[in-house]
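The chain that follows stands alone, in the form predicted alone, written as structure tokens.
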């Protein structure tokens, strides 16, 4: 009953009340596309079609979709290595993302980045970073750039619960408040820092976001499986960034269904299958949103099936696209390392670079 009351409260806020039926269906479509893309990725990874690591976003889709839906022209997103969901949520195509997983030259990073390095500068999406918390000072830099250029925007920087213990994150929090920068740190708390429970890895009182108190930073927590709540709390943080150039820490509880990565051999040992099944049954973000739209008479079962079938077909077609694409040529191995060299800028014509004689 409490969950129903809270959900109704958030749905009545202006940020959600103004949503059209088409907007709500689009959120469902995006979440389903992410789910089907990730399932296809898992299938072809296990068939040996991809190299490197694969960190899946299955179970967390509503956070990426809900936050991305609020971004405008001067808002930016940056995340860690579990980046596929964010990439699709900002508008990247399945083809360029799947091809990148395959290491093909038609991929978003020309096959050189793989799963952890999706980028779309034209969509204000800055990756995709493999170093734990390595994206947090970069997110701070995006916010610094916005303020320096006098632009009304926000930098949404996503991280997992394990990253909150890294020194670079705390250094970023210090500067965020000291310089009053419009950065929003969004902790996607799935409860396990790789394979270690939060209780065994992090010292905290009630939540991880509360660490913002030490820096005088506003913070909030919420349910990550409810798009209405995700949007409501993110909108408040974005208003703070846009209007007051102030940072925020948001923490959304969520659950990843797969292991830390597909190579996580102990995924079924450090948490019980019963816990995951219970979450899937009662809190799955797609099921929660679908039931809500059924209740609001926005979509019916046939409409959902049509949407789901389209997502499955798109994911399958993206794998075909990746299969049929070429690998990068060996001669291209030093391309796209330094922008200055590739574009022959003044700075690129000076000095020495490690791959030059």
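All values derive from a computational prediction rather than experimental measurement. Residue numbers count along the first chain shown, from 1.
Another form exists, predicted in complex with a small molecule; not displayed. Remarks below refer to it.
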**Prompt:** Is residue 162 a contact residue for the small molecule in the predicted bound form, using a 4.5 Å heavy atom cut-off?
**Reply:** yes
**Asked** So in the predicted bound form, does any heavy atom of residue 76 sit within 4.5 Å of the small molecule?
**Response** no
**Asked** How about residue 262: is it within 4.5 Å of the small molecule in the predicted bound form, going by heavy atoms?
**Response** no
**Asked** Is residue 211 one of the residues lying within 4.5 Å of the small molecule in the predicted bound form, judged by heavy atom distances?
**Response** no
**Asked** Check 81, 130 and 193: does every one of them have a heavy atom within 4.5 Å of the small molecule in the predicted bound form?
**Response** yes
**Contact assignment for the small molecule in the predicted bound form, among 177, 245, 166, 287, heavy atom within 4.5 Å** = 166
**Prompt:** So which stretch, 153-161, 232-240, 219-227, 96-104, is the one near the small molecule in the predicted bound form (non-hydrogen atoms, 4.5 Å)?
**Reply:** 153-161
